[in-house]
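Okay, so here's just one chain, in C-alpha cells, the form predicted alone.
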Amino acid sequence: MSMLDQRLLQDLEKVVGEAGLVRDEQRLQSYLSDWRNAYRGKAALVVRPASTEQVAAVVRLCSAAGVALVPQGGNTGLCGGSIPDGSGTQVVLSLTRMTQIRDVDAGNETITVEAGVLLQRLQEAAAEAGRLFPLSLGAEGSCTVGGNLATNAGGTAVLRYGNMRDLVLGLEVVLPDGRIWNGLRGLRKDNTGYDLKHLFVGSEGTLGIITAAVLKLYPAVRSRTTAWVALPSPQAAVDLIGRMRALCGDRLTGFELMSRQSVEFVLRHVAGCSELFAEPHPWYVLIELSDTLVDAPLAEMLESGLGEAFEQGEALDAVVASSEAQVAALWKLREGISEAQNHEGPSLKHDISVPVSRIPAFIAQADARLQQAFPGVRIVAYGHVGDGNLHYNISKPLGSEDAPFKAQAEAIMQLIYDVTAAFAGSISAEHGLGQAKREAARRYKDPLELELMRTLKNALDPAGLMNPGKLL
C-alpha cells in the first residue's frame, strides 16, 4: 500500500494515531474512487486528522517531505477533484473526523462548524436552533461542509439564498506550509483589505485546506407551497419565472426545470415515482414558495401566478402538493434524475450556465447540433432556471453499445462547451473543474484569468503540493 518513507509514516501516525490512518485495503477503496466510479486513483496513505492542529501537523510533515496532499470530504463530487492520481505517491487527507459544531450564535444568525460536518447534520443543527441553513442538494446526506465550500456548491435554493460563497462569513484554513489562518469572523461588514476567504471558496483544495467555517443562518421556514407544472417550452419557463418573481419576490425559493426525457428516466428507474398528468408534456417545472410566516398566503399567490400563466399559454397543466408527503414526492421526481440516468448506461454530465434569458436559445441550438452530429443521443436537460444553471447530460442512443458512445465523450463535450461559450456561459456552474474540466478550462477561460489564478497558486503553494493536477 504505502510508498511513503517509513520515518514519515511513523511521524504521521504519532500525529493522528492509529485511528487516523486507513490501512485496510477494503476500506481504502472508498477513498480512491468517486461515487460514480468515473475516477480512480492510488494513494500512498489515507490520513484522517481529528483536529485543525492535526491537519496542520500533517501538512507540515508532508510539505517537508515533498509529498503531495489530496484533501477529501464526503467524496461526492462529479469532476474527480478529490481523487488522487495513479502514481500512488500522494496522501489523501480526509476531513471526515472533524465533525464538531463549535458554536451556534442565534443572535448573530451564524453557526460555526468543522469541515467534516455533513450538510444534513448542519441543516439539522440549524433547525434545532429554530433557524434555517438553506443549502440543499441531492448528496446532502453524505457531502461535507468542507467539500461544499471547496467547490462553491449551489443546489436548489440558489435562487433565493445564493451559492455557498454567499453563505460563508469566515473560514479557518491550513495553508500549504502548515500555518493556520484563523479567519473565523462572523461579521457581515469587515472592510479591512482583501477578503481572503473568497480565495479558498471554490479553490478545490489547491490553495489550502478548509478546516472550519462561520456560516449564515436564516429564519426558519414556517409555510411552503409546492407545485409541479407542465410547460410547452423552455421559453415558457423563463417567462413563468419572471412572472412568479414579480408576484412573489423572495418567496420564490425553488424553480427547477426538467425535460420530458429526464422525467421518463425517473419514472422508469426510481421506485415510488408516478406520472402526474394524463398525458406527457415536453417540459416541467417544480415551483416552491416559502415564507417565515405560518399563514402566509402562498397558495393564493401561486394560484394567481399560474392563472396568468395558463391564460398566456405558458402553463399546460399543474398539480399543487396538499401534504408533506406530496411535496417529497414532487422533489423525488426532480432529485432522482441523476441516479435514474445512470441506469441507462454511461452518463456524460455537463454542468453549464448561461444568462437566464438565453436558456431557450442555448437548448435549441445545442439540441440541434448534437442530434445532427450524434444522431439518436438522448438529451437529459434539467436545472436551476433562476440562476441559469443547466445540467445538460447525454445518454447513449437506444440499443447502442457503451464503448462507441464513450469514445465520443470528448467530441460531445466540446460541442456543448462551444455552444455554451457562444452564449457567454460557463463550462462549470456548480460542480467545479477538478480533473474532468481542467483541460477544457484552458480552451474556454480568458488566458489572463488563468494567469492570475496561477499567480495565486504559486504565491500560496510554490511547491505545488496541494491537490496537484486539479483545476489548473
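Numbering starts at 1 and follows the sequence shown. Predicted, not measured: the structure shown is a model, and the values here were computed from it.
Not on display, but discussed next: the form predicted in complex with a small molecule.
Picking from 363-371, 379-387, 300-308, 283-291 the stretch near the small molecule in the predicted complex, with a 4.5 Å limit on heavy atoms, gives 379-387.
In the predicted complex, residue 395 stays away from the small molecule, with no heavy atom inside 4.5 Å. Contact check for residue 78: a heavy atom falls within 4.5 Å of the small molecule in the predicted complex. Among heavy atoms of residue 338, some come within 4.5 Å of the small molecule in the predicted complex. Interface residue remark: residue 391 is counted as part of the site for the small molecule in the predicted complex, having a heavy atom within 4.5 Å. Within 4.5 Å of the small molecule in the predicted complex, a heavy atom is found for not a single one of 179, 197 and 461. Interface residue among 121, 358, 243, 349 relative to the small molecule in the predicted complex, by the heavy atom within 4.5 Å criterion: 349.
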